[in-house]
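Before any questions on how it binds or moves, here is one chain, the form predicted alone, in structure tokens.
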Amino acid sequence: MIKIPSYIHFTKPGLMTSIQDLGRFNLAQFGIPYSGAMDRYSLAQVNFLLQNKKGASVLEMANLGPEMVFERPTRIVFAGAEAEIIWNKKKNIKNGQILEIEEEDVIKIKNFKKGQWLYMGIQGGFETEEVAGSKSWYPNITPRDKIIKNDSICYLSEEERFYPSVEPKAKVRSDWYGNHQIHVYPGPEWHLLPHLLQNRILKKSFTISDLINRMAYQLKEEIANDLPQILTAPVYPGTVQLTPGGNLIILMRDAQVTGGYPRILQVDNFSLNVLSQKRAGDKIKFSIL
């Protein structure tokens, strides 16, 4: 099987476009964050549809998508957020639809209609730098942290016939992240909260603030509390911290590996994917597992 190194050229970079895979593991003792795709469920979907390896690297995009030109033929597919995707002059490209890309084809990602993070898988994954066992981009760990204008990224072009594992126009549903309920486990400092406050946190709906990025999502509503500060302790993607000022901060994939705020809850792995697709203004409600 002949594979030819080829490039995607970005005429517009988008706002938060980067390469991500499943992230880095067993390196927290060195202060290296886990990183990886914000929504791993969608990453798994595009790799399954293209018959890629489970953790093959994908293109992650948010809010304002990029415009790109492909050097040679390949196959791509989208999952995650619902966005306006234009393939040359063709509109209404759906998530889950495998696109047979030809030389000089253009893909434009316009308005995001639903969800926060969109993923583009490419046959075989991207041929980018691997650092500490992962291709996920992260500032000061990998040479690049986001796509910039006139950037290029490498892939291997394969022209052999492709046999998809499912219908090539399979519909990928997005209603799985419409659920407002976020499943959580009690965190190490949960027991320090009075029962009244625990009940309030579990019965109340919270609003995603506009302070959201790959490191953390902050909630709008505040919870007044008298929790003592803790010594710096391990934190993970999905750890919910409660600050002395009453702010609830949910750590996401690019979060630091230690923190000094009480860790009151830990978001379940699948719910972390659901949470990642929430946008500013969306409501969530915690549910203890």
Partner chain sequence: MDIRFFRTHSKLVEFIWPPLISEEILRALIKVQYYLEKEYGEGIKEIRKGYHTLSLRLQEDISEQDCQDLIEEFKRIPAEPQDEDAAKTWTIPVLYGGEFGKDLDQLAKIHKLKAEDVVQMHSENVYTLHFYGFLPGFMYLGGLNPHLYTKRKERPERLIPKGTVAIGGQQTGIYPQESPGGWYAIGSCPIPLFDIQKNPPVFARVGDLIRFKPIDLDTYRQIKEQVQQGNYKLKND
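Positions refer to the first chain, counted from 1. Note that the structure is predicted; figures quoted are calculated from it, not measured.
Another form, the form predicted together with the partner chain, is not on view; read the next lines as being about it.
Shown alone, this chain has one stretch from 75-83, 89-97, 202-210, 186-194 that lies within 4.5 Å of the partner chain in the predicted complex by heavy atoms: 186-194. Using a 4.5 angstroms heavy atom cutoff to the partner chain in the predicted complex, all of G31, N140 and Q266 count as contacting. Shown alone here, A216 lies farther than 4.5 Å from the partner chain in the predicted complex, counting heavy atoms only. Proximity of A233 to the partner chain in the predicted complex falls within the 4.5 Å heavy atom cutoff.
Put simply, I153 is far from the partner chain in the predicted complex: not one heavy atom of it is within 4.5 Å.
Using a 4.5 Å cutoff between non-hydrogen atoms, V257 counts as a contact of the partner chain in the predicted complex.
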